[in-house]
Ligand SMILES: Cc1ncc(COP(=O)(O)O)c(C=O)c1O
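Okay, so here's just one chain, in structure tokens, the form predicted alone.
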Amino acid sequence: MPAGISETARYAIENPSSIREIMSLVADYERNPEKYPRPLVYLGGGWPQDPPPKPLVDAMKELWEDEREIRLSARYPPTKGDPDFLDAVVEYEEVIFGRRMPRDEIISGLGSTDLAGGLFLATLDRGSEVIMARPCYLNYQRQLLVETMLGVKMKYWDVIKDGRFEPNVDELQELITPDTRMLILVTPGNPDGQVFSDEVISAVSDLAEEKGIWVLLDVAYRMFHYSGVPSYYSRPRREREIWLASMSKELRAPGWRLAYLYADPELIRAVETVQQARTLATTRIPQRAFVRMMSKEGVRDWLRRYMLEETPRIYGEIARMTTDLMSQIEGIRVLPPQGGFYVFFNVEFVEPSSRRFVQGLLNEWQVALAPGVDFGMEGWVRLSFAPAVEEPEKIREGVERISQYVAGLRTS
């Protein structure tokens, strides 16, 4: 490496994101498909491919034709976000979940990754401990170390045992020390698609209040529930809870970078002042489009149907189809998802290394998945059905290739 590269950068170079690396392959395939024996089936990334909702697209189009809005959108918003956007978020939460959220407990950001970075800098010191439920979203470990210049320690609360989702709060309690500052939970989970129950979240919040630690609840997939929506989405925030809501997935617009934190107002102020130095301000144009959408007549009823009925129906059907197909493959064990975009499955009986499994499948059969080891679970693999939700035939083709690959491993 060249002189002058930081220790943090060396860590990042040596530990790149497997998902972002897979995107390089996708870009190469799109430019040079003739290099590959068969069409690539990409089931690796966790982002939706169906379009943003029509009311939001219409609002964006109208914004560009409104000179006043264009002028306003071109200006810096406050670091917390466009004031009208924060009001619209309050309305949005009430419309969808019936939750009354105080405006001074919200800050917007350039996606959930941006807000998580500001939050980590606002809550963690060198030597602080962070506990993550395992399997865990793969970027959290990397981001924690990059944001804190390799200054934090990490522990893991294992919530999948013997192929089943069984979070034990007593085991979590044993992990907490005086240095513990934060617990991170993703629900529905990434990569596993599991959902923490109301009882577990309540017990975790009780424990957090007793021990004085923060609980970060990442709810990026909150609109993608296939067995009913937990009641904790509707209740007020508990004292030590921090809610991280990425609107990117539920609005099918990850490239527009819309997200917000819901937390203690003093903590929100701390994040705001950190963000003044990190990102200065959010992107105003998508926020103004969201505001305009929320002002449309009839949008409340439409949003409730779209978010609470249509979204879980469409994605639930694909989730069940994918799970059924994968469950027919001899030699693997499937963990049926309760929400989210993923089918998580165990391959250790045919290939102990998830990276070798994923790389071999990609090289031999041109199907892109994500290795479980990057989520803290060796021997497991993540399949994302979100990129093909409008093209289920691609999922069927991909699963058929996976079946052929596994059959070859079992006989080799």
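Source: prediction; values computed, not measured. Position 1 is the first residue in the sequence shown; the rest follow in order.
Below, we refer to the form predicted together with this ligand, which is not included among the displayed structures.
- Can you work out whether this ligand is within 4.5 angstroms of a heavy atom in all three of 140, 221 and 249 in the model of the complex? Yes, all three are in contact.
- Stretch from 269-277, 88-96, 105-113, 122-130 whose residues place a heavy atom within 4.5 Å of this ligand in the model of the complex: Going by heavy atoms within 4.5 Å, the stretch is 105-113.
- Message: With a cut-off of 4.5 Å between heavy atoms, is residue 186 one of the residues that contacts this ligand in the model of the complex?
- Response: Judged by the heavy-atom cut-off of 4.5 Å, residue 186 is in contact with this ligand in the model of the complex.
- Task: Classify residue 288 as contacting or not contacting this ligand in the model of the complex by the rule of any non-hydrogen atom within 4.5 angstroms, answering yes or no.
- Result: Because no heavy atom of residue 288 falls inside 4.5 Å of this ligand in the model of the complex, the answer is no.
- Does the 4.5 Å heavy atom contact test between residue 257 and this ligand in the model of the complex come out positive? It does: once this ligand is placed as it appears in the model of the complex, residue 257 has a heavy atom within 4.5 Å of it.
- Find out whether any non-hydrogen atom of residue 190 is located within 4.5 angstroms of this ligand in the model of the complex, and reply yes or no. Yes, residue 190 lies within 4.5 Å of this ligand in the model of the complex.
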